[in-house]
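The chain below stands alone, shown as structure tokens; this is the form predicted alone.
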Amino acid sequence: MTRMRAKRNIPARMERCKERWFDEPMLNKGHWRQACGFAEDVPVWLEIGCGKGKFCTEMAAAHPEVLYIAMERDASVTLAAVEKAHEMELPNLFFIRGDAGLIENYFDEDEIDRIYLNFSDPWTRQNKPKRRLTYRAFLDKYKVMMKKGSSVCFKTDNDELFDFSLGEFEECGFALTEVTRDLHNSEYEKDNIRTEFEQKFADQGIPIKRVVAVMQ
């Protein structure tokens, strides 16, 4: 897979989009709605690993009633997403540049209504499954942040990761719904927004796997 070329002048360009992100997002823990200027009853959706921002910008535009927070670790990738949101003038989309392994530093108990995991690194090399974002240690962290009845929406092209994730979700007490191994030819495609990777895989004829795991 081709790596994204590092962008120039990242700090200056991020500063031009200052309304989209926070210098110290951990200070918003427990009151993201207030920090972003939303009412306390507004749903909060979190995308972990937002890439260059196609999915999060389209989701935020389609759901103005939701506070959408997108998280990404890589600076160059984050910049691409932030600039896209800035150009679209989306008032309900904000970003965190951070590592999912430290996610408990950013969100408090019962603060999240939905989590999106789209085409996360499958970590298929030996002895690496604990790095997967659907590994039970991560799921246990998500469960603290999530409200009862909220869900994790997971998409991947990788069969091994999908099977692994289904097992981890069930082991951690999630109910599996909307399970499909060919999303684009399923009943769920009509409401599906495709990511950059998803479209690339679809063009290659690779079936997309998807599940919605509901916290009981």
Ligand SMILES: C[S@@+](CC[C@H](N)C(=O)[O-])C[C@H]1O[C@@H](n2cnc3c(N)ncnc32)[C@H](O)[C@@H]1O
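Start at 1 and count along the sequence shown; that's the residue number. All figures in this text were calculated on a predicted structure; none of them were measured in a lab.
The discussion below concerns the form predicted in complex with this ligand, not included here.
For a residue to qualify, one of its non-hydrogen atoms must sit within 4.5 Å of this ligand in the predicted complex; none of V44, D113 and S151 qualifies.
Taking the partner from elsewhere, F119 is found to have a heavy atom lying within 4.5 Å of this ligand in the predicted complex.
In the predicted complex, L133 approaches this ligand with a heavy atom inside 4.5 Å. Although the partner is absent here, P129 lies well away from this ligand in the predicted complex, with no heavy atom inside 4.5 Å. Looking at H86, you'd find every heavy atom of it more than 4.5 angstroms from this ligand in the predicted complex. Along 180-216, residues T195, E196, F197 each place a heavy atom within 4.5 Å of this ligand in the predicted complex.
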